[in-house]
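To begin, one chain is listed below as structure tokens, in the form predicted alone.
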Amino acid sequence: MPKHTNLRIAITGANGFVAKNVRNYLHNKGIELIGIARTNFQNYKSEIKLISSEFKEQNLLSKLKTCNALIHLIGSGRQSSYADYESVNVEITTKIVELCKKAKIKKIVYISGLGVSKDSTLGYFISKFKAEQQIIKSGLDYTIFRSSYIIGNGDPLTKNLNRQIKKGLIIIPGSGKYNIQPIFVNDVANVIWKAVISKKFSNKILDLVGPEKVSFNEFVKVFNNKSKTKIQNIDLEKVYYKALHNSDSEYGPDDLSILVGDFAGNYKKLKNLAGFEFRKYREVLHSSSVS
């Protein structure tokens, strides 16, 4: 791998929440970037912008030949008649892997989901596992991160809770006693950077989790500290029914399955490899990093 200042890194899904933060982090380090997205996005002056809805080889290959690594951040957490898990999470990953091989990009970093395994039965997890397998079998140097909830300014979970606050009621599906293990997006950007430059991360699947497990009840309580909005636990069956029959529901069907899944990850292993302490969720929620 060349010296850090001579690196050029491509990032797919450039207009997504995680990608925006990773691009900002790498831009501040002086890394040359190629941002790739299916729709238009605001790029840095020094960043090459590539818009490609179908990721056709002829539109991307010549630009990607100069890259040392690719960070693949395209993914879908909700299905619709316009975009299903197979087409977004699996088929696009297959195209990206082929582009990497033909462009002779040696390193790929991918964010999967915490709880993904060969025994997964959830459609979202199955698609992520298939995507992981495409990367593992590619022969590329890979790092796959199985991520818990990533929190920071404008993250999906925060936006969901803020929408509920505006309506005057935060709904907690079921008991709320199930745990999540949130991780700060700046820490995610830092550890992705380390995965690109450090051989310690080569050909590994790692849990991308924060230092603390917290019940969803407690997380919402801390998040809601300033607004004092009413919080209500609602029977899980009723929330699932609404999710299945109403596209405007607070939670999608797969969102619920992931949320109540009570998935936990190995933070100690991640921290030891990364070599730094990750921020605790309370510190993040109480700072200006989440809004």
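From a predicted model like this one, the values you see are computed outputs, not experimental measurements. Numbers for residues come from their place in the sequence shown, where the first is 1.
Form predicted together with a small molecule: not shown, discussed below.
- Shown here without its partner, the chain carries 176, 219 and 285, none of which come within 4.5 Å of the small molecule in the predicted complex through any heavy atom.
- The small molecule in the predicted complex comes within 4.5 Å of no heavy atom belonging to residue 223.
- In the predicted complex, at least one heavy atom of residue 55 sits within 4.5 Å of a heavy atom of the small molecule.
- Residue contact check for residue 278: none of its heavy atoms lie within 4.5 Å of the small molecule in the predicted complex.
- Contact annotation: residue 148 falls within 4.5 Å of the small molecule in the predicted complex, judged by heavy atom distances.
- Taking a 4.5 Å heavy atom cutoff to the small molecule in the predicted complex, the contact residue among 96, 131, 195, 111 is 111.
- Residue in contact with the small molecule in the predicted complex (any heavy atom within 4.5 Å), chosen from 171, 92, 103, 122: 92.
- Stretch-level contact check against the small molecule in the predicted complex with heavy atoms at 4.5 Å: of 223 to 231, 240 to 248, 66 to 74, 260 to 268, the positive one is 66 to 74.
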